[in-house]
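As a starting point, one isolated chain is supplied in structure tokens, in the form predicted alone.
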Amino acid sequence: MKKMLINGEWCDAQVGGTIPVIDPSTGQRFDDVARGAKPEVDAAVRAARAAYEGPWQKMTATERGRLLIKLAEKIAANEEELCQLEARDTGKPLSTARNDIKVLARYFEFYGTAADKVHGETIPFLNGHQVTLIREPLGVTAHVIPWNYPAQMLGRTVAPALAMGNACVLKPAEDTSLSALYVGQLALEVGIPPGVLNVVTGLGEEAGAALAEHPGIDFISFTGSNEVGTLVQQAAAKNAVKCVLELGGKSPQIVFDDVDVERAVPIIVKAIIQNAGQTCTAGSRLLVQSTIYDSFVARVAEAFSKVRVGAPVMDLDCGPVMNPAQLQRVNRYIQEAKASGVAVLAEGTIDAECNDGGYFVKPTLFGGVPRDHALACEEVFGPVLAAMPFEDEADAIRLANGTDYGLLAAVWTENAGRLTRVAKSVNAGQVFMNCYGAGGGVELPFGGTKRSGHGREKGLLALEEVSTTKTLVHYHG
């Protein structure tokens, strides 16, 4: 049984007991984590405040950065053990889990080297005055992360917060807490002071809610559903604290008739099957110009039919979805689409060796999806791709922007002018041109518009989100 990390000590839940850890590829329990709640959250917030006002604040930015770089090196040194842990916890193929751990290390490396590169400004003002703008940490930051990329999301939100000098309370998803607890141990081993990084495991409606509404925090980072994101934002508003929300997407792949087919097809397929489609940036809508719609979608269908699903150790194209609720959700979308007459153009294959109790779904490509259909508008969060034709540039933009989301998009065309016009016209926080995802992009600012949320993570902009400015006005005569 895995305990929580609070103030450098490993703790049981006072009253909550434990939560079973389930292997998605078998449906079987293989461990337990502590079921923390309000008492543990309160203790963690108090520990973070003491660490922030004590040893952590007294360190120079260079010293903090060196500790984060040491943590990156420690993660890299333990890559294989973390990879095995992440794969079993999430069900994702070993190669995918291994990449996630590499990206986790990269986050701490990137922000460790950036810690002492945050500079202030001098502002021209009245004669006899010197005005300086400095950037400071917020204090205690709260991080509620999802189950789809637990290791990556830890690095994405916690690393910049620590680099700026904040102390953190992390609430990982109850389904996938193991990598967070492991990293918490590594943080202690490299010398990050107790209380600077606290990990409270527990249910979202208990520990997550208690953390979001706690009056002792100064910032909230949340990634998850729109419904919970609304509750988090309301809790933040009550305490007048800032929050960054990433709430999902319905990302379009916009394919024009001059596309480089050989390059585009494998990237488009990977963009929806990666992590079993449980990715906020999954390219779940395939919008293809009508003049090539049939031929291009046929090529995608051919590639789609070769997709293989299996357990992590098989290291195939796709693993299981996360839990029974997710399995039911994805299958419901598939069955309702079939029942409504939407054509199935291709399906992947679940390996015969897969455990019958695992949460496996056949990746499915639907064609001719009506523009107002659920598959065209709602986030399935599974390996389901909806193909739709469009007529011209204006129609493509209208179709791409025709959902409540605006997280990511891709444009495929060899026409440089059209590439730029469409990219600038699409409502999305990131737009990829003749590519998709860019390998994780630790350096690339990331976030959404509309119901995809607000605020930016990744890159140097993330340091601004987890900090504030102070204006110093000095009269010197």
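Start at 1 with the first residue shown and count on from there. Small disclaimer: the values here were computed from a predicted structure and weren't measured.
The next section is about a form of this same protein that is not shown, the form predicted in complex with nicotinamide-adenine-dinucleotide (NAD).
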Please tell me whether any heavy atom belonging to residue 246 falls inside 4.5 Å of a heavy atom of nicotinamide-adenine-dinucleotide (NAD), as the geometry stands in the model of the complex. yes
With the cut-off set at 4.5 Å between non-hydrogen atoms, does residue 285 touch nicotinamide-adenine-dinucleotide (NAD) in the model of the complex? no
4.5 angstroms heavy atom contact with nicotinamide-adenine-dinucleotide (NAD) in the model of the complex for residue 92: no
Taking heavy atoms only, is residue 304 within 4.5 angstroms of nicotinamide-adenine-dinucleotide (NAD) in the model of the complex? no
Partner-proximal stretch of 396-404, 309-317, 370-378, 147-155 relative to nicotinamide-adenine-dinucleotide (NAD) in the model of the complex, 4.5 angstroms, heavy atom: 147-155
May I ask whether 173, 209 and 280 each come within 4.5 Å of nicotinamide-adenine-dinucleotide (NAD) in the model of the complex, counting any non-hydrogen atom? yes
To verify the annotation, which of these, 327, 203, 118, 345, has a non-hydrogen atom within 4.5 Å of nicotinamide-adenine-dinucleotide (NAD) in the model of the complex? 203
Which one of 186, 232, 365, 268 is close to nicotinamide-adenine-dinucleotide (NAD) in the model of the complex, taking close to mean a heavy atom within 4.5 Å? 232
Mind listing which residues of 221-247 have a heavy atom within 4.5 Å of nicotinamide-adenine-dinucleotide (NAD) in the model of the complex? 222, 223, 224, 225, 228, 231, 232, 246, 247
